[in-house]
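A single chain, nothing else alongside it, follows as structure tokens in the form predicted on its own.
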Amino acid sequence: MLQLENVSAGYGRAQVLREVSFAAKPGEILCLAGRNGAGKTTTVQAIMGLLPLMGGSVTWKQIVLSDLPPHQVPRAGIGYVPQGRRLFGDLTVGQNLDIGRFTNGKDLHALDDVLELFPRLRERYTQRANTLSGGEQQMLAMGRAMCLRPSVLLLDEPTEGLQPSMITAIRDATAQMRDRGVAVVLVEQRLDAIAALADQVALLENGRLRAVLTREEVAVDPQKLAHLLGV
């Protein structure tokens, strides 16, 4: 499992997360939910080593990720799709995918899998990333992370600002990754997405973990989730 134990983190002297603990299991989607400013993005950045921990640890299998420098975390099998995508805009679709593929030892089959999952990227393969639509850019950001053959995939609000057809494509791809045995941590604000995808929901409030709900608990009482999120 991807295990966070009493993780505290922040920016400089400003502490955001306070002793957050949860586990993301292979073959499941854990939705990280909470109001704006609750600490969701800070959590995934802490997992990736982009923020030094003020306390606690992050582990995957027998690897203490929080002891690794950030550039080694992807090599441990952790894929990350940040909010805002952060593509290399002047590079082509193919070149952006190669960045993920080379990190994984130039796995040609990984590239084929991504292009099968996102046929639009095959059509745009030689096109510069900054000329793609928002939905296509999100597909590319996911595809780049998936070229790592990740065991864990962190997705920070992947459907934000997308049209309905693209939202469906991204959600379907997320579900496929879960079905392949990947542990998925999904930062999500949309209640419909949480209810449809989540195996677990970890609720953050003011940098603290307030509750972890199972799929069954959300299905039995969806208003409980809405109430906890303040919607």
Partner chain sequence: MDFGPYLMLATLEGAVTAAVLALTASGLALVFGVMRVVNVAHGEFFMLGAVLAWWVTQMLGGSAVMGFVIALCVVPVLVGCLAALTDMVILKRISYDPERTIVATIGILYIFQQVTLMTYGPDARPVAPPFNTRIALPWIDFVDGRLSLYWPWGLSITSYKLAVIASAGVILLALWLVMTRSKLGLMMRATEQDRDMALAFGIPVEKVYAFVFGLGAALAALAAVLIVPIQQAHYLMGGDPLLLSFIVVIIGGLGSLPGAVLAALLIGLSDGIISVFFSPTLAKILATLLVAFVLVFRPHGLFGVRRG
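Positions refer to the first chain, counted from 1. Note that this is a predicted model, so its numbers are computed, not measured.
Absent from the display: the form predicted together with its partner chain. The rest refers to it.
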**OP:** Could you tell me which of 112 to 120, 157 to 165, 87 to 95, 131 to 139 sits within 4.5 Å of its partner chain in the predicted bound form, going by non-hydrogen atoms?
**Re:** 87 to 95
Subject >> Contacting member of 37, 56, 70, 27, with respect to its partner chain in the predicted bound form [4.5 Å, heavy atom] >> reply: 70
Subject >> Touches its partner chain in the predicted bound form: residue 82 (any heavy atom, 4.5 Å) >> reply: yes
Original post:
Can you check whether residue 175 is within 4.5 Å of its partner chain in the predicted bound form, heavy atom basis?
Top reply: no
**OP:** Would you please decide whether residue 169 lies within 4.5 angstroms of its partner chain in the predicted bound form, comparing each non-hydrogen atom pair?
**Re:** no
**OP:** Although its partner chain is absent from this view, report whether residue 152 comes within 4.5 Å of it in the predicted bound form, heavy atoms only.
**Re:** no
**OP:** Would you check whether its partner chain, in the predicted bound form, lies within 4.5 angstroms of a non-hydrogen atom from each of 191, 223 and 225?
**Re:** no
Original post:
Does anything in 45 to 60 come within 4.5 Å of its partner chain in the predicted bound form by heavy atoms, and if so which residues, in order?
Top reply: 48, 50
